[in-house]
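Below are two forms of the same protein chain, given as structure tokens: structure 1, then structure 2.
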Structure 1
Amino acid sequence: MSVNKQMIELFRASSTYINAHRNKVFVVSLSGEAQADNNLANIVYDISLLHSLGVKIVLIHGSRPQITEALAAQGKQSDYHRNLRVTEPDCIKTIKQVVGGLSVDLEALFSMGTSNSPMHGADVRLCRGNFITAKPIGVHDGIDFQYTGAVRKVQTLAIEKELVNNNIVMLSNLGYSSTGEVFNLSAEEIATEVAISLGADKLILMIPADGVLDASGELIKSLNEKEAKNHASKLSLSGDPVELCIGNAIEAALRAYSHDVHRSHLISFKKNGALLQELFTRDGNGSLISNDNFDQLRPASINDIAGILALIKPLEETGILVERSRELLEIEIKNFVVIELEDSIIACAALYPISKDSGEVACIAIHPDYQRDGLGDRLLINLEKTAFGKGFSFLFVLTTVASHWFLEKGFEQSEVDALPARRKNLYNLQRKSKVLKKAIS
């Protein structure tokens, strides 16, 4: 395939995801390590692109390694307990300076819009504020964590207002107490609590690995809650900092999951474009922790039209399916059922009433990546049940290439004359479709 054609195909394939993600709320956690990585500018471009495509973004940035470095430069070293820094009062000034500097650096990156940069014309507006009320985490195992804090409250309405105003909301790992003190928190914790309080559609955790890996080092593209818990408990025992970081990200995802944020993505901050690949391609490029690794068969709605069109267009172009315009689909959408997987329509089929006692199965299409998996069978069984419920005694199908598939599903060879009169008049003689019929009971 030529580069141009490949680009066109890619762009078209991503349209389903563009439509699915529009106006959705994504909370992104960007650790201090991610900000120190060479790939940071690309991540910022990609977040800006998401924003340009109508995704509502809340970005939380951390500062752990930068704080450690700044304190070390002053000859100070923090104690850690339960993987958390004990924040001494005399460190707070440095922490505020470091975090402030990182926030400003990110603002500068988001503001880049020179004509030779990918963000030319993006006009991204960031908004920062005291959206996190913090409390001290207190004394644990006899250790006073002092200025290490936890989230007490998220100013949800204020954040939502900024998102409605088309701003990216950027938060740091600092929170503010009602007594006017500043607390040092973990960015992952803030991201998780913000995602929960907003009822976000996705929590995205940028990590220093491709995602969750199996025993042979292969990327696990999706995990359900149980699988995620198994991995988290193994990784939390690891002495390896990267594995610990993945373990923490899974823990954050699981907490979000148990509070109704049912999709968290663990995505590499080291890989250029991993964020876009994960969100806009079927194959992804990270690990998704969700409750819906399983597809969902359901009646179609008007919101599915873009997905259905993307699915059937290639089949229309090769003449396998009859062309349907968007307008026609809008009128006929109530006849359709779809199978959705991870925000994308992977299969569809329709049942049209064609007489008092018969219906026609049409537009059955399974995305090539998901064929031979029984989805066609499931759709057909579903339509047969609906037809039965409507009191139909017969189902017809007109097909040019799939007659044997339908024969195997109990249809029988029939002829044009067997069609109800109204449908017979519309029979397209040039397509020479085979007519098959099935009695339903």
Structure 2
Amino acid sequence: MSVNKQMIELFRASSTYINAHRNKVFVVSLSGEAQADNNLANIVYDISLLHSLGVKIVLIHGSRPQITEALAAQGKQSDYHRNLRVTEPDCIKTIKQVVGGLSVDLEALFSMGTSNSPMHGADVRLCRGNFITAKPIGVHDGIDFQYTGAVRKVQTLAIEKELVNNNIVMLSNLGYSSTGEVFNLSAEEIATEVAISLGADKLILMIPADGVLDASGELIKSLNEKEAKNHASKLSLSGDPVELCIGNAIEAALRAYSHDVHRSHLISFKKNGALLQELFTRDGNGSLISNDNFDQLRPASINDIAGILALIKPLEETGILVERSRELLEIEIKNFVVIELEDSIIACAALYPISKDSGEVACIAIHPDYQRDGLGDRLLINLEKTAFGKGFSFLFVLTTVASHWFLEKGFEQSEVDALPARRKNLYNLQRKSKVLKKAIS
């Protein structure tokens, strides 16, 4: 495949995700380590691209290594407890200066617009403000954390207003008390609490690794809650900074998960394009902590008709499927099941009752990008279970091109005369479809 053709196919394949992500709220946590990485400019470009595609972005940036470096330059050293900095009163001025400088630097990157830059014409507007009300953490295990804080309240309505106005909302790791004090918080905590408060569609945590890795070092692309807890428990015991960072990100994702933010992505801040690959391709490039599988098989509804029509139209044009009008599909929608991925229909099938004891499997269609994922098997198994529940003893299928696939699934070659009378009368002699039959039990 030529480079141009490959680019065209990739762009077409991403359209499903572009439509699914439009007007969704993504909360992105960008650590201080990420801001010190050479890939930072590319991450900014990619976040800007998300924004231009209609995604509502809240960006939270940290500053841990930059604060440590600035304090060390002044001969100061912070103590840590529970993986949190103990912020002494004489350090808070330096912390404010460091965080402010990082915020300004990020604003400058988002403002790039020269004709030879990826940001040309982006016209990105960032909004900053006192959106986080903080409280002191207090004393734990005999340690007074002093000016280290925790989130007391997220100014949700104010953030939502800026998102409606098409602004990217940028927050730092600082929070403000009702008495006018400034507290040093964890950027991961702020990102998590903001995601929970907004009911965000995704929490994205940029980490220094490809994602969560298994014992052999292979990337784990998706984890459920139980699996994520197991990995977080193991990583919390590690003395490796990268593994601790991943463990902290998993803990943040689990807290978000427990408060109905059910899709958190752990994505490398070192790998160019990892954010886009994770969000806009089938294979992804990170780890997803989610409450469900990547796709969901469910009964079809009237709202799925456009998606089903888009799936079956190419098959109708080549004569593989009999053409169905929108009006007919509306009448027959109760016979369909669909598989949905990221709010898009990627597969469908139908079961029509054709007699008291038999049904017909029809209209199995799968998006070209997912035809090797076993979706056809899942659809057929579901239809067979449904048929059994309806008291059917037999299933029929009429096909012009897929007879071998159905034979592999236990169907047997049959004849037109074996069809129930009502279905036999509707048999299209011109199509000469092969008739296959399967007893179910």
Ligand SMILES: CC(C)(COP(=O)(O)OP(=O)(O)OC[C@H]1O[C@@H](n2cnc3c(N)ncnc32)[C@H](O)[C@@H]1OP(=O)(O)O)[C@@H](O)C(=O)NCCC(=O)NCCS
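Predicted model only: the values in this text are computed from it and were never measured. So that the term is clear: the rigid core is the largest set of C-alpha atoms that superpose within 1.5 Å between two forms. Every residue number counts along structure 1's sequence, beginning with 1.
Here the chain taken from the form predicted on its own appears as structure 2, while structure 1 comes from elsewhere. Residue 87 shows a C-alpha shift below 2 Å between structures 1 and 2 [criterion: core-superposed Cα displacement of 2 Å]. After superposition on the rigid core, the Cα atom of residue 375 is displaced by 2 Å or more between structures 1 and 2. After superposing the rigid core, the C-alpha of residue 350 moves by 2 Å or more between structures 1 and 2. Summarising the core-aligned comparison between structures 1 and 2, the C-alpha atom of residue 436 is found to shift 6.6 Å. Taking the core as the fixed frame between structures 1 and 2, we note the C-alpha of residue 363 moving 4.0 angstrom.
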